[in-house]
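Read the single chain below, which is given as structure tokens and is the form predicted alone.
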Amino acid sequence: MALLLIALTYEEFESWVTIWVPILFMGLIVFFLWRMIKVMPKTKPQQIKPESSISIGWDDVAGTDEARHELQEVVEFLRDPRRFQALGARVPKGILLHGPPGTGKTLLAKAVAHESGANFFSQSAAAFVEQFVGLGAARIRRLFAIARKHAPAIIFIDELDAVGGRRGSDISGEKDQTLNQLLVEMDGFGTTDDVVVIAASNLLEKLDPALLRPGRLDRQIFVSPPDVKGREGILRVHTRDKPLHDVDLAVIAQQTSGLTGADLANICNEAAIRAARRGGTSISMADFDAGLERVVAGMQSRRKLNDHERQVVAYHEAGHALCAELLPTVDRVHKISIVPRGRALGYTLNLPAEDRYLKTRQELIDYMSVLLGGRVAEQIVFGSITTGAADDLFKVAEITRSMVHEYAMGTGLSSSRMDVGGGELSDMTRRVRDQEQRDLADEAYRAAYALIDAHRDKLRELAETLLRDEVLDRAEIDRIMEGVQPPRPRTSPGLRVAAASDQPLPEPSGD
């Protein structure tokens, strides 16, 4: 090559470079594009035919009766459309299952795939999103074209928020283009009534309004955590193939308020694992208690605390438990432990006696008093505080913010949600709100201090028993607190408004 270049004249060399360098450059581009297309994942929708081997049916779905009823109507329409068409009814074009994670949205879709006589196509919304513009929209068109070819059909799109978020926030425009194609396929000139879209998402508020309008996602079904009856049904589903011995599922259902179906399935599995670990032939109530503790409080840690740290943790947890026992509006203590689990050095497990959906201002104040009881006990007994109350303080900050910003439970009208219509808040309004949050936290702290200071003997007895036994159950707590009368319900100034919260308060109190 060197000899060839030497032999060439300047004009010939310039001509050679002008011709071959662009050709080589274009060849490299074509080669890299070919390699990228070759390694690009070719995602295909998972087709589940009516005679599929999926064994999950309506009997395997418990705790979601309302959502199941809505989906059963769609299944019946696809099985016998003439009965509905005779009355002028049409099948909903789209159904959105939304709610917290673990409540059974995907499980419901599996049951629909098994029960319906229609072809079922499943696809994750994340599979539509690509870095190459146009691929997502092409995959949407391909999915709906396949479904229409096999109509009547059901398309299930899991985690819809991955592609259905509000338009305008994507810099590349790929997600917006993919969503536009999805909108057209669901309600456009080429749509048909024999293709139903079922979608699932945990983030309803992030979805584009055009996706939620009637004609696209006609029905929005909230799949909530199950009530006590639903939890018992879920436990029966997950234990019907497990050998049980003297296990009361109704009691377990009462102790698991706020937990989802996935949590309950995990508890059943953990109980079976514990029974196998101890060499048992059946699962006992103690195994379920250990499974509940494992799921709620975390895995037992091997961390070793020195004597002073054990004393601090013992008095800290005793402070939580004492406040909970003296405040009748707070859930009763089920167990106290200073055995480290997860990130917590100790924990106090409060289990509600019944499902509650509304909380008053005073109940929230009392719950914050329980959270601050550990910090107060450290201050009273040792004269100083530690970092062990970090999680408690975080929860108190969350509750006070919700009380002021969402529930209007501050001390005046300035705590109401005056920013609903949008716009920036003034610095004065922010200062007022911050002050009201501090006032609420201070009110709870003073209440906890008064309770613990008046019952130091019980605080000491709880802590010393914990140091000796490491774990206190309900019977031992009743023995220690025997004869102690809780104070009369306090009336606190300010608004007494019931707050409907869609998120259960975090339990247990771990430090």
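It should be emphasised that the depicted structure is a prediction, and the values quoted were computed from it without experimental measurement. In case it trips you up, residue 1 is the first one in the sequence shown, and so on.
The same protein also exists as the form predicted in complex with a small molecule; that form is not shown, yet it is the one meant from here on.
Novice: Just give me the single entry in Ala444, Val61, Ile452, Leu472 that has a non-hydrogen atom within 4.5 angstroms of the small molecule in the predicted complex.
Specialist: By the 4.5 Å criterion, the partner-contacting residue is Val61.
Novice: Could you spot which one of Leu326, Leu182, Leu160, Ile234 gets a heavy atom to within 4.5 Å of the small molecule in the predicted complex?
Specialist: By the 4.5 Å heavy-atom cutoff, the listed residue in contact is Ile234.
Novice: Can you check 283 to 291, 100 to 108, 140 to 148, 393 to 401 and let me know which stretch has heavy atoms within 4.5 Å of the small molecule in the predicted complex?
Specialist: Correct option: 100 to 108.
Novice: Taking the small molecule as it sits in the predicted complex, is Ala127 near enough to touch it, meaning that at least one heavy atom pair lies within 4.5 angstroms?
Specialist: Ala127: no contact with the small molecule in the predicted complex.
Novice: Is there a heavy atom of Val432 no more than 4.5 Å from a heavy atom of the small molecule in the predicted complex?
Specialist: Val432 lies outside the contact set for the small molecule.
Novice: With the partner left out here, check for me: in the predicted complex, does some heavy atom of Ile221 sit within 4.5 Å of the small molecule?
Specialist: Judged by the heavy-atom cut-off of 4.5 Å, Ile221 is well away from the small molecule in the predicted complex.
Novice: Mark His238 yes when one of its heavy atoms lies within 4.5 Å of a heavy atom of the small molecule in the predicted complex, and no otherwise.
Specialist: Yes, His238 sits close enough to the small molecule in the predicted complex that at least one of its heavy atoms falls within 4.5 Å.
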